Ligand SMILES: Cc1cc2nc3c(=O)[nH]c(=O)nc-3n(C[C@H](O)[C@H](O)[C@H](O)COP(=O)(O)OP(=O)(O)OC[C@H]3O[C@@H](n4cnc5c(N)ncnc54)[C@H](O)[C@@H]3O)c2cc1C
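Below you'll find only one chain, the form predicted on its own, shown as structure tokens.
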């Protein structure tokens, strides 16, 4: 199929973009990388009156900056730029690790982190990483608004962005150097959307205990979620395989997967247990909280 007819504009400044969005009141769509919007338009599942191409904004909104207590990533930064960023590999290695699993090389070379987050597909990868890392999403509408990731994702393909707001930046607190992390994605075939994905952050404390845990899960609910009960189970505890297994099982209780070509609901819920447990073990190992011989029991 081919999309319905539409107007095409390519503003050169952010204020121009906002004025266009306000003018058409929800009938305009932003084009960043295009890997989500264009297929929907071809299937006529999305029929915008106006396409607002962001290509002229890329020089200003494609960057990776590590300063102060935050790492800031421009919304038009491409997946491949994140995948190969030496600075992110040093400070926030979970971002390059997740980027490597997104689509194929062509997708990573054109798709953008901001476009993926704003699209809010429940099975996509960046929303899970944003949740686990306590990211803040920065929106512009003539003024700047900072939205915590936990409040950004509202439901399938739905965010807290207003129709006239533009996502411009992702700001992530720098974790301590000794933190542990893990990214796990289970997919039906290479480059596919996730059957389940999970991101885990572990901050080690004293006496081999977990000071703080962050667990995010995607693709098994109407939106990605934080497993807060599991996080509370782990805080202040010495990690053992039994404890990590129990935390993973608790994380799976939140899941409400649907049966489809990727598996039954029961199967997916079981995969949440498996992949969250594996991610917890790997993150604890990176944080030097689990001995290597124990970490092998996965």
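Numbering follows the first chain given and starts at 1. Here the structure is a predicted model, which is why all the values come from computation and not from measurement.
Unshown form predicted together with this ligand; subsequent notes refer to it.
Note on the interface: of 243-251, 64-72, 29-37, 228-236, the segment with non-hydrogen atoms within 4.5 angstroms of this ligand in the model of the complex is 29-37.
Proximity to this ligand in the model of the complex, defined as a heavy atom within 4.5 Å, holds among 142, 148, 191, 155 only for 191. The contact residue chosen from 213, 102, 135, 92 relative to this ligand in the model of the complex is 102, the criterion being a non-hydrogen atom within 4.5 angstroms. With a 4.5 Å cutoff on heavy atoms, residue 185 counts as touching this ligand in the model of the complex. Using a 4.5 Å cutoff between non-hydrogen atoms, residue 118 counts as a contact of this ligand in the model of the complex. Interface membership of residue 112, defined by any non-hydrogen atom within 4.5 Å of this ligand in the model of the complex, is confirmed. With a 4.5 Å cutoff on heavy atoms, residue 203 does not count as touching this ligand in the model of the complex; it lies far away. Taking this ligand as positioned in the model of the complex, the residues of 147-173 that bring a heavy atom within 4.5 Å of it are, in sequence order, 161, 165, 166, 167.
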